[in-house]
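What follows is one chain in structure tokens, specifically the form predicted on its own.
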Amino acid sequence: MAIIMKDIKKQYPGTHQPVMEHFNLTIQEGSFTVLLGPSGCGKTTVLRMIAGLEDVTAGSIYIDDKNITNLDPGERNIAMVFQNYAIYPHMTVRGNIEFGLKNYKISKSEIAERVNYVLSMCDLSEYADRKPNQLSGGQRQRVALARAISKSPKAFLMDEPLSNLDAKLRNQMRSEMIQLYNQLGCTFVYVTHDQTEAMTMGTDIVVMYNGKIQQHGSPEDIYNNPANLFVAQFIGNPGMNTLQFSNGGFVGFRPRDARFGESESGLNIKGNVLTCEFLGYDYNITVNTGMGNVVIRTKDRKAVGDQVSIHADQKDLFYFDKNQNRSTEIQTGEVVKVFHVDA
């Protein structure tokens, strides 16, 4: 199922400014498309408009070339999984899954077949007769997924479904979600502000900010070829270090691409160590320079207060113009030979 949003405008009653305007997005059939961005960027609004839970002020939404802009949610052949699971506390696991199917007027034999199938797929068979308060957070999330799968939708819409889980469970559920996507072969549209979820799960990532798409591409392309300064700083753990030139442009480099010491070419910076975070395998070291803080991902431990020199090779530098868009023109000229910054 391909989903196309054409020239969408969304404005809430009583407000003077739309939250998004001239918004266009194509979600490819069979993709795992992640809408990624900070809180308030509009990603959940996009998801809810696709689901039919939010009205569209102007523009059109198509699913498989059919205009579904004004269709009720139940007529769109999609299933939504919410952040808070939205499962009924007074019903058993089996009852929660059956309930939605009964509304579709499916025969009892087919309902039983579907329920048993999704219970097995989501590893819930032994919990079928338990109620939600007898389940862990991960198990409750599986119930919500099983209920969605049982409806055999053409697309799954998921609004930060893992955000209420602890770190270990999130990692486990990410893996299970990927397996589920590969099994079902359906279109997944997934909202998150967590870039680790986006980069590990998505086949396509849509980076959003202020109701606009900043970049749409594969995880590799988003990381290796950021279109602008926002994407560069938002993607990566930590995000890209950026320093501003006197002419208003910017130079950036990834924390993993920086080294301690000096070089005859590329970027050279001096500064003082502010923090040294031990990550098990290596360290995140924050250095205060004369142009702001930068982070180095390295195996070399440093003490707080140490004076250090840092360099990044020319091949690892990214350039952005004064409008914060990716630039290639700035790569020619004196600045890329040796760029020194002293604390």
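Sequential numbering from 1, following the sequence displayed. Predicted, not measured: the structure shown is a model, and the values here were computed from it.
Just so it is clear, the following notes concern the form predicted in complex with a small molecule, a form of the same protein that is not shown.
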{"query": "Heavy atom within 4.5 Å of the small molecule in the model of the complex - the one residue of 257, 176, 98, 160 that qualifies", "finding": "160"}
{"query": "Single option in 52, 42, 30, 59 placed near the small molecule in the model of the complex, where near means a heavy atom within 4.5 Å", "finding": "42"}
{"query": "4.5 angstroms heavy atom contact with the small molecule in the model of the complex for residue 94", "finding": "no"}
{"query": "4.5 Å heavy atom contact, residue 25 and the small molecule in the model of the complex", "finding": "no"}
{"query": "4.5 Å heavy atom contact, residue 193 to the small molecule in the model of the complex", "finding": "yes"}
{"query": "Non-hydrogen atom contact residue 292 with the small molecule in the model of the complex at 4.5 angstroms", "finding": "no"}
{"query": "Partner-facing stretch of 42-50, 293-301, 59-67, 313-321, counted where any non-hydrogen atom is within 4.5 angstroms of the small molecule in the model of the complex", "finding": "42-50"}
